[in-house]
Each structure stands twice: as C-alpha cells, then as structure tokens.
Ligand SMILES: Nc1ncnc2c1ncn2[C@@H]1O[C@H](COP(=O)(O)OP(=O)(O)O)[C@@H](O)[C@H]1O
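First, one chain by itself in structure tokens, the form predicted alone.
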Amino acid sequence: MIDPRPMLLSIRNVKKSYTTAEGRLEILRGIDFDLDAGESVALTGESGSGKSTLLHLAAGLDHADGGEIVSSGHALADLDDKGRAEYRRTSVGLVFQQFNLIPSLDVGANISFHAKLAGRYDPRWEQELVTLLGIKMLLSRYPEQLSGGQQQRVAIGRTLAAKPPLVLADEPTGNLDEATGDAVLALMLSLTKSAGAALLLVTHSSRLAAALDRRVHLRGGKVV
C-alpha cells in the first residue's frame, strides 16, 4: 500500500565539519534520509556521532558544508538570515533539554509566545494543549516555581501551540527521571500526532526510540 503522507523533510548527502586545534573534524560525512508528514523518527547514535549537529542543521541554526536540506518546501541553503529566522518562526518547533522558558513571563504567556510570533495563536488549541499536558492549574505561575517535569511540559506546549509542521527535539527528557520522562514523551508523541506534525527526536535511549515510528542510527557521521 502506498503511503499517502507527503515528504516533509528531505536530507541529501549532507556534510558538516568544524575546525579544531587538531585540524578539521568531520562530523557528518554524507547523510541521507527523509521524514514524512505526521511521522515520528528517533535519531540515535553514540555521543559525537552527529545527532545534535544534524538537528541544528534541520532547524536552520547552522549551515551545512555540502548536500541539501529541504524542509516544508524550504531549501535551507537558499535562505538568508532573515529567511532562516522566518523558517524557525513558522515551520519548525524546537524542544531541548534546557527548557528555555522566559523567566519574566508566566506559564500562560510562555505558551502563547511563539504562536503569537508565528501569527498562529489559537486560544482553543492552547486550552486543549494545557488540559492534555496537565498544566491548566499552572498558568499563572512563573518558570522558577515549576519542577523540571512541569517546565518541560510547558516547553512542549509552547512549541506545539504554534502548530509547526515539524518538531525537532534534542534529548527532551534527558533532565527528567525515567517515569516523568516516559510520561512527557508519551504526551509529545500523542500531541504531535494530534497536530499532524512530524517529530524528529534525538535520544541515546533505545527504550525511548522504540516508542517512535522508526529509528535512524548514526555512526561515524553516517546513517547505518
């Protein structure tokens, strides 16, 4: 049966290296894979295999040395700084280990912040998110008043409130205990599917990776 879902992210022969004191260090040596709309993919591999580097390239936070990344119809190499900033506002959502909440804003304002920037603020969707995330009673609190698990739920709500077609997550449960991390990941998977978003998630955990649709494993800067 043919999968009707359109391709959302296409990565072709992507290479990336950095200059170090010891010389040129190759991180990515020609990466190829695709991510379809609504699909969840775990990006796994040992430390230094290039997982976070690839995620940053897909987010438009860094430039590839070679190859092509096309995301939501955008060829990232063709975008200038303004275009990349617009891409991050409207086409991609980011979730990291560091929650990156704005300390001067309460939970409600944190959640709606990116959605308003992207011109996609939907109060009904936000109310559904905060209910499903179990943070409805926290909306008037500030980040410093929350536990790590609560802050990560708020960070996920903030990302999904803007309805991005692509969610990129870098070890989003890495700072949480196992039970809280499992619950947060289950919510992220459920909510991204409800929103019709694709999810590319970096993780070291084979157990967590097994919860996603499929796995892309990196070794030595290549897909294996």
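Residue positions are given as counts along the sequence shown, with the first one as 1. Because the structure is predicted, anything quoted here is derived from the model rather than measured.
FYI, the form predicted together with the ligand isn't displayed, but the following is about it.
When contacts are judged by a 4.5 Å heavy atom cut-off, residue 53 counts as touching the ligand in the predicted complex. None of the heavy atoms of residue 190 is located within 4.5 Å of the ligand in the predicted complex. Contact between residue 58 and the ligand in the predicted complex is not found at the 4.5 Å heavy atom cutoff. In the predicted complex, the ligand stays beyond 4.5 Å of every heavy atom belonging to residue 206. Stretch-level contact analysis of 45-53, 191-199, 177-185, 152-160 against the ligand in the predicted complex, using heavy atoms and a 4.5 Å limit, identifies 45-53.
The listed set 27, 69, 166, 41 contains one residue whose heavy atoms approach the ligand in the predicted complex to within 4.5 Å, identified as 27.
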